[in-house]
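Single chain ahead, written as structure tokens, the form predicted on its own.
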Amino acid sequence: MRKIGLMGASIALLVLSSGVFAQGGCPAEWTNMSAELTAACNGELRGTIVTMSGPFTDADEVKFNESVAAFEEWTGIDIQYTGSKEFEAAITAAVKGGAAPDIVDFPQPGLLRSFVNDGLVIDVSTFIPAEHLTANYSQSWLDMAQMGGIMAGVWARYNGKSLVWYNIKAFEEAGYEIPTTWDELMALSDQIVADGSSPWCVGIESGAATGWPATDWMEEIMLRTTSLENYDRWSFPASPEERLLFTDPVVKNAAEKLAEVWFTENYVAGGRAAIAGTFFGDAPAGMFSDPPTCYMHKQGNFITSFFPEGLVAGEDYGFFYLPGIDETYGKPFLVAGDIYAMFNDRPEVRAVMDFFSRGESLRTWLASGGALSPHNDTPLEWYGSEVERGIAALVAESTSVRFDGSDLMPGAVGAGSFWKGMTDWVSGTVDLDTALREIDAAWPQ
């Protein structure tokens, strides 16, 4: 078994000293374990190897290995992870060549579905107890794991997107309050304009990927103006016949709602003309100029890495949930993340998959930062970052969760015509109807 070194030993000692060690080595809090995880915790699978592949490299690969070190020590199972910066090409070649690793981490579920449709993925619901899955995941996560009639995997690390960032001091000086409804958000936007500034910082330039921030906004508004069923039919249809076209009135309505924010005079710093040419990472900088040129920026939790150096979360900047538009659709939350799928069926692989369905599998990662946990058995105290702890609390309050739509769509659309169509429309190159038709035209037949 791979040596876990001082880090792994420290984790093991920490768990022992905290009193959560159970007989056999696994946390006493674990319930509804599969027969294979029970066997692993009793040492019956010691000396076995589980291979795994995914996109984690560099610092993320280190954090992943640290997150499984204690489990390897408890059970004697060696999880051998291989990360690749060319993940999609590498895993496609491996699977088609009959050399799939035991477990694969998919950051974009669309590729996983193609393997499910080929009958290559193991249904994890055949061995992980249903009582555990329903207790430890919200129904939204379970729904998103359903592909081709099976539960195609278990959700692991994720990132939150439905967030609006703001300059705390600028808000306080101006007397602005955090909006909790869409109407309040629009009223605040009008107030900021009346005060002589722009409410929104927006930029969608990203080199060859220009337009992706616009697709995130569209997904947010779709979740707030129509049903989850329609969102699923639009982003990840089970069959061509079920697909909700971009030209459908439901989708066009979402785009028009987006236009009410982006195209209203003075709502966006620099106006509509500046959106397509502003690098997405530079867009929030206006919140921190003196005086601010814009006050709010909608983006995922990664955006703080683009903020000016020296800013402190909770003092200089904060965030709030992007409010719902129609209360009929509750408080949805848009996410991106990783789903772990199983390709080879052996007891030790089953045990590891069951482990990944538990918050303990992310505990050290949460402490060091860079991850959120979808597991209900993850206490907020495990988060080392105040920001990530706050985001996790917001997600816990949501009524539904859905994956980034463009990441679910075929690559020709999600990373192609959708990006381009939104950019062309925002920049005024084409009208909305033309943009929607052109996005649809790229969908594989």
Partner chain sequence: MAVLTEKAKINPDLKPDRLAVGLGGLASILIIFVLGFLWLRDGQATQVVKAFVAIVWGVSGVAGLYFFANMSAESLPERWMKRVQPFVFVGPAMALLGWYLAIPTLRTFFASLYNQQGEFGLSNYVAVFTERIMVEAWTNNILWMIVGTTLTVSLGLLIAILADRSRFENIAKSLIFMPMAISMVGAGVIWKFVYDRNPDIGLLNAVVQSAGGEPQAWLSLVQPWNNLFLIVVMVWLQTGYAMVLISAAIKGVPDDLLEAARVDGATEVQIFFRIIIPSIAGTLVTVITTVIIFTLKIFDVVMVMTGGQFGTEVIGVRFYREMFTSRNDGYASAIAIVLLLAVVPVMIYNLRQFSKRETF
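Numbering follows the first chain given and starts at 1. Computed from a predicted model, the values in this text were never measured in an experiment.
Not pictured, yet referred to below: the form predicted together with the partner chain.
In the predicted complex, G119 stays away from the partner chain, with no heavy atom inside 4.5 Å. Using a 4.5 Å cutoff between non-hydrogen atoms, P179 does not count as a contact of the partner chain in the predicted complex. E88 belongs to the set of residues with a heavy atom inside 4.5 Å of the partner chain in the predicted complex. Within this chain, V430 lines the site of the partner chain in the predicted complex, having a heavy atom no more than 4.5 Å away.
Each of E205, R272 and T278 places at least one heavy atom within 4.5 Å of the partner chain in the predicted complex. Proximity to the partner chain in the predicted complex, taken as heavy atoms within 4.5 Å, picks out 404 to 412 from the listed stretches 32 to 40, 372 to 380, 404 to 412, 390 to 398. Contact with the partner chain in the predicted complex, defined as a heavy atom within 4.5 Å, holds for exactly one of L133, L111, L245, I168, namely L111. When you look in the predicted complex, the only residue of T210, T225, T215, S140 with a non-hydrogen atom within 4.5 Å of the partner chain is T210. Using a 4.5 Å cut-off on any heavy atom, the residues of 416 to 443 that reach the partner chain in the predicted complex are, in sequence order, W419, K420, T423, D424, S427, T429, V430, E438.
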